[in-house]
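To begin, one chain is listed below as structure tokens, in the form predicted on its own.
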């Protein structure tokens, strides 16, 4: 009897159940650390969370198409190192352009490997992660990069300033969320992504160029990671060659927590952003109550295992109906 209950998915969407679970955990933390609800702390968490949330927007496109992108953590490290290093040498405009260019280039390479050469996306992007980490170390010679005069550059506006009391990174995230949500839900391009993720073979018979669409998804993922690197560099005014280490799994956890299936065909930009923010608030609560920061990785493991199990259970249940 118990085995049947475990195998059979719940009537509610398991995504709703997982979000409810973490919502309850958040409420529990609030009773222990009520300062989490202070306006200053909420702004702090949202501003910190804007960086992985921007990355999650791009990753959502890839996941809905039925693929993965594990290179985003190392890509953020490389873009951030490049932007900060070039800032004092050639100015912030060219530095930002170079960072965005690297993001687009890596997205194109990933797209070519996965969509055109049809390599396994897990292996291809994991290899890219290693390559980018090596390039970051070579470029920086293992040293941290710093902007020498952070108080006298307009570049700090992107990551540190406010507009009408709202941090600029949050405004950037809101604009990106709205723009890419419209692109995904209300355009032919977006509908093709859902079709490919749901049934790639059928989408090809329908005349959809799957290679082009998947390639474009990886380009968007690379671009949004580069945008996140710009915000990160502006906020920290420095970068390390491991600044993005571990973010690939953290962002992926937020995306699947928000309802995107690892099998493709489902997910939304808004819920991916919400999923990342849930993790950010819980992580913030854990730190406030005095738990070490690395407990977030235990949380990440729990999220991935729970949702992948439930996703598999739901798929098997549908297949036997």
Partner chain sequence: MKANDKSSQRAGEISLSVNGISKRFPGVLALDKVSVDVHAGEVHAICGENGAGKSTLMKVIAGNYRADEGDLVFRGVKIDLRSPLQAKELGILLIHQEISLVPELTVAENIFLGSLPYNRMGFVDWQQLYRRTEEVIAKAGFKLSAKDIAGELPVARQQMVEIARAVALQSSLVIFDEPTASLTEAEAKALFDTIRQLKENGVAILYISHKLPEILQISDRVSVLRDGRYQGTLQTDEVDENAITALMIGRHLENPNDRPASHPGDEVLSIDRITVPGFIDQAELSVHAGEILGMYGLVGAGRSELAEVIFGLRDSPDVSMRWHGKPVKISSPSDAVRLGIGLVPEDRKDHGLILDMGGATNMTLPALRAVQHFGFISRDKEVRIFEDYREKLQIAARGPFASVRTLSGGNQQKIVLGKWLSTHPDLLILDEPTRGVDVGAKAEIHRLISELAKAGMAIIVISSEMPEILLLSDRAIVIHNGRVTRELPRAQLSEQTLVEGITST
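What you see is a predicted model, and the numbers here were worked out from it, not measured in a lab. Residue numbers count along the first chain shown, from 1.
Unshown form predicted together with its partner chain; subsequent notes refer to it.
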From the candidate stretches 185-193, 92-100, 146-154, 75-83, select the single one in contact with its partner chain in the model of the complex, where contact means a heavy atom within 4.5 Å. 185-193
Would residue 161 count as touching its partner chain in the model of the complex under a 4.5 Å heavy atom rule? no
Would you classify residue 203 as touching its partner chain in the model of the complex, given a 4.5 Å non-hydrogen atom cut-off? yes
Even though the partner isn't displayed, in the model of the complex is residue 207 close enough to its partner chain, meaning a heavy atom within 4.5 Å? yes
So in the model of the complex, does residue 167 come within 4.5 Å of its partner chain, heavy atom to heavy atom? no
Which residue, 242, 199, 177, 216, has a heavy atom that falls within 4.5 Å of its partner chain in the model of the complex? 199
